[in-house]
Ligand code: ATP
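Taking the form predicted on its own, here's one chain by itself in C-alpha cells.
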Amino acid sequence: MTSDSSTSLSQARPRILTGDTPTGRLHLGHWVGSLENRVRLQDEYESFFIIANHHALTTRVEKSREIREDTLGLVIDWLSVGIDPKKSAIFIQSEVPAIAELSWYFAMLVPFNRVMRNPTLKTEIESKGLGDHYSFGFPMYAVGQIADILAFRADLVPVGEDQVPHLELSREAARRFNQLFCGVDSHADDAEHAAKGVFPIPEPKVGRIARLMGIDGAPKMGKSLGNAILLSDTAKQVQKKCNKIFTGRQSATDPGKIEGNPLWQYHDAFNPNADEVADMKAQYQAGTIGDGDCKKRLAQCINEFLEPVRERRIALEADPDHVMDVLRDGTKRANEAAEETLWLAKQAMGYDFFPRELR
C-alpha cells in the first residue's frame, strides 16, 4: 500500500480489534469471555483479530519456535469456533510493521509509572513469580497493546474482564494523541474525539460471563493452571474433567450450594435448557440430586456445543495450506488498515517526510 495525503478517516463500518497471545490451546473461558462476541459481531463490524506473537516473547523469548506452532494452533481454534475469514481479518502481529512504529509514538505519550500501575500487569508479574527479573519488553507490551488497538482505529474491543485495564490505557493514549496533535479540546467528549481526532476512543465489550471459574473452584480457568476444559478436548476428556469439578459437597444428600459453584456456572453458560437448569438447582439445594447426575448432564451439554467445533478442527488440521492462506490474506488486509492509520498519525505529528510503500 502507498500512503498519500488523500487518505480519508472514513470507514464503511465500525471496527473491532481484539485477539489473543499464542500461549497454547484455548478453553471454554475464552469462549464466554470474548470468542463468542467475536463470532456474533463479525457480521455487524469490520473485524480484525490479532495473533499477538510479539507479546508472547515477553515471557518465552527462548521458545520462539514453540510460539510459531502456537500461532498456527490459535488460528485453528478461532476458525473451528466459527470466525469466518471472509468476514474477519485474522493476522499475525509481527507481520504488521506499522504496529511496532506506532508503539514507539505511544510510548512517548504514556508515563512509565502509569504503565506500572496497570493492575493486570502487576497481577501477571506476581502470578508468574517474576519479581524484578523481567525484561524491559515485559512492561512495554502494555504499550504494544495500545498500538494493537489504535492501529486499527477500533470502535469496540471484545475482551475478557482482566484485559479492561489494558484498554483503559489505550483510551487515555488516544485522547492524549488527539489533544496534542489534532487540536481536540481536553474537555471534549469521546464523540468529538472520533469526529476531529485520528483515533476514536474504543469501548470494551466484556463477555456474558466475565470470568469463568476453573474446574478446581479457582476464580479463573487457565490452561497453565491445569483447571481448564479446552475447546480441543475430546468427548471423553470433557466427561473426565466434568467429573473432577470441585463443588465442596460432602455427600449426595447434603444441600448443595449454587453460588460460587463452578458446576452451576458452567450449566448456566452451556446448558441451553433454562427450565431444566432451574429444576436441577432446586433439587440440588434440597439434597435430592447428586453431583454425579449434574456433572454427567453438564458434560453432555458441553460436548453438544463442542461437537461441530471438533468437526471443523479435523478438517482444518488436514489442510494446513488453507490455514496459511487465511493468515496471508488477513495479514494483507491488516497491513492496509494499519498503514493508513500510521500515515494519518504521522501527518498529524508532522512526521510525514516521505510516502511509504509496503510490499
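Numbering starts at 1 and follows the sequence shown. Basically, rigid core = biggest C-alpha set you can superpose within 1.5 Å across the two forms. Fair warning: this is a prediction, and the values are worked out from it, not measured in the lab.
A second form of this protein, the form predicted in complex with the named molecule, is not displayed here; the remarks below concern that form.
Of the candidate stretches 273-281, 121-129, 168-176, 252-260, only 121-129 contains residues with a heavy atom within 4.5 Å of the named molecule in the predicted bound form.
At a distance of at most 4.5 angstroms from the named molecule in the predicted bound form, all three residues D20, G29 and G33 contribute at least one non-hydrogen atom.
Here is the short version: of K87, K223, K241, K196, the single residue with a heavy atom within 4.5 Å of the named molecule in the predicted bound form is K223.
The listed set V81, V184, V159, A142 contains one residue whose heavy atoms approach the named molecule in the predicted bound form to within 4.5 Å, identified as V159.
Heavy atoms of L212 reach within 4.5 Å of the named molecule in the predicted bound form, making it an interface residue.
At least one heavy atom of Q163 is located within 4.5 Å of the named molecule in the predicted bound form.
Residues of 293-323 are not found to place any heavy atom within 4.5 Å of the named molecule in the predicted bound form. Once both forms are overlaid on the rigid core, the distance between the two CA positions of L130 between this form and the one not shown is 2 angstroms or more.
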